[in-house]
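Before any questions on binding or motion, here is one chain by itself as structure tokens, the form predicted on its own.
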């Protein structure tokens, strides 16, 4: 699935999205009966670099500075973060965190942030873009992962065979669309032919405030059974000490 196909289906009334440097795109999309949607993204499978993260965060903060709410869509098709020596020495993790916090700030300041994953996304690049939006939707062919099983095996020292068995019954151990949908990380799955109608439906359900419902969704889908209860316990205990 190409960027042009996604944009044409999302915004049949037209768009001004243009490619820039470092695999980043930006512009607006038109929807009849709605205000224009601000669009940014990392596309074409480009690894997310220090430079790309700065450009994306700059677009986000520019929108925040203008105020007035609105909708921000983040298109995602990136292999992973750019694991080059230069980026690591510059502190790539800090730049990815800056991007993630910029998207969180945007939502807190009234922008409705929607991630649209139409290709690959992994590790820090996935977390700082797609997972940092309020709602994440996946299109056919999307393949998200926080960490693949061989990498999890190296970090946890658990045998790959053990993790492969766990992944069959426990979504949090498994990369790919279906496991992340089960955990609530992916909110919805959309079909290419009806993207605009599905987008309009999400716009109509715009939340009144800044809320993260992924733990509740994961509980409903039986992909994350403990997260909601633990989060509520933290909230209750914090409130009791206020």
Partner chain sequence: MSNLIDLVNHDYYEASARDRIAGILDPGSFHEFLGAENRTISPHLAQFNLTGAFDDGLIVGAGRLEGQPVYVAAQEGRFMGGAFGEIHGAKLVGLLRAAAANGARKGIKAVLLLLDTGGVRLQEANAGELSISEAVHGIVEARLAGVPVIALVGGRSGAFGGGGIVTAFCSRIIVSDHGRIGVSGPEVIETNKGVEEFDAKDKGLVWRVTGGRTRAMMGGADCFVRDRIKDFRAAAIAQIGAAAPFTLATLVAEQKRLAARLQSYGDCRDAPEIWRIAGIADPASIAEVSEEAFASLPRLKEAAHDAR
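From a predicted model like this one, the values you see are computed outputs, not experimental measurements. Residue numbers count along the first chain shown, from 1. Heads up, when I say rigid core I mean the largest set of C-alphas that superpose within 1.5 Å between the two forms.
Absent from the display: the form predicted together with the partner chain. The rest refers to it.
J.: Looking at 54 to 62, 193 to 201, 37 to 45, 23 to 31, which stretch has residues with any non-hydrogen atom within 4.5 Å of the partner chain in the predicted bound form?
T.: It is 54 to 62 that comes within 4.5 Å of the partner.
J.: Does every residue of 1, 74 and 160 put a non-hydrogen atom within 4.5 angstroms of the partner chain in the predicted bound form?
T.: Verified in the predicted bound form; spot residues all out of contact, no.
J.: Look up in the predicted bound form whether residue 146 has a non-hydrogen atom within 4.5 angstroms of the partner chain, and give yes or no.
T.: Heavy-atom contact with the partner chain at 4.5 Å: present for residue 146.
J.: Hey, in the predicted bound form, does residue 171 get a heavy atom within 4.5 angstroms of the partner chain?
T.: Heavy-atom contact with the partner chain at 4.5 Å: present for residue 171.
J.: Would you please decide whether residue 212 lies within 4.5 angstroms of the partner chain in the predicted bound form, comparing each non-hydrogen atom pair?
T.: Close contact exists here: in the predicted bound form, residue 212 approaches the partner chain to within 4.5 Å, heavy atoms only.
J.: Does the 4.5 Å heavy atom contact test between residue 13 and the partner chain in the predicted bound form come out positive?
T.: Residue 13: no, not in contact with the partner chain in the predicted bound form.
J.: Taking the partner chain as it sits in the predicted bound form, which residues of 204 to 241 have a non-hydrogen atom within 4.5 Å of it? Please list them.
T.: Heavy-atom contacts to the partner chain in the predicted bound form: 210, 211, 212, 214, 215, 224, 225, 226, 227, 228, 230, 231, 233, 234, 235, 237, 238, 239, 241.
J.: Can a Cα shift of no less than 2 Å be assigned to residue 13 between this form and the one not shown, given superposition on the rigid core?
T.: No, because once the rigid core is superposed, the C-alpha of residue 13 moves less than 2 Å between this form and the one not shown.
J.: Taking the rigid core as the reference frame, is the Cα of residue 151 displaced by 2 Å or more between this form and the one not shown?
T.: Moves: yes, 2 Å or greater.
J.: Compare the position of the CA of residue 220 between this form and the one not shown after a rigid core fit and state whether the shift reaches 2 Å.
T.: Residue 220 C-alpha, core-superposed: shift of less than 2 Å.
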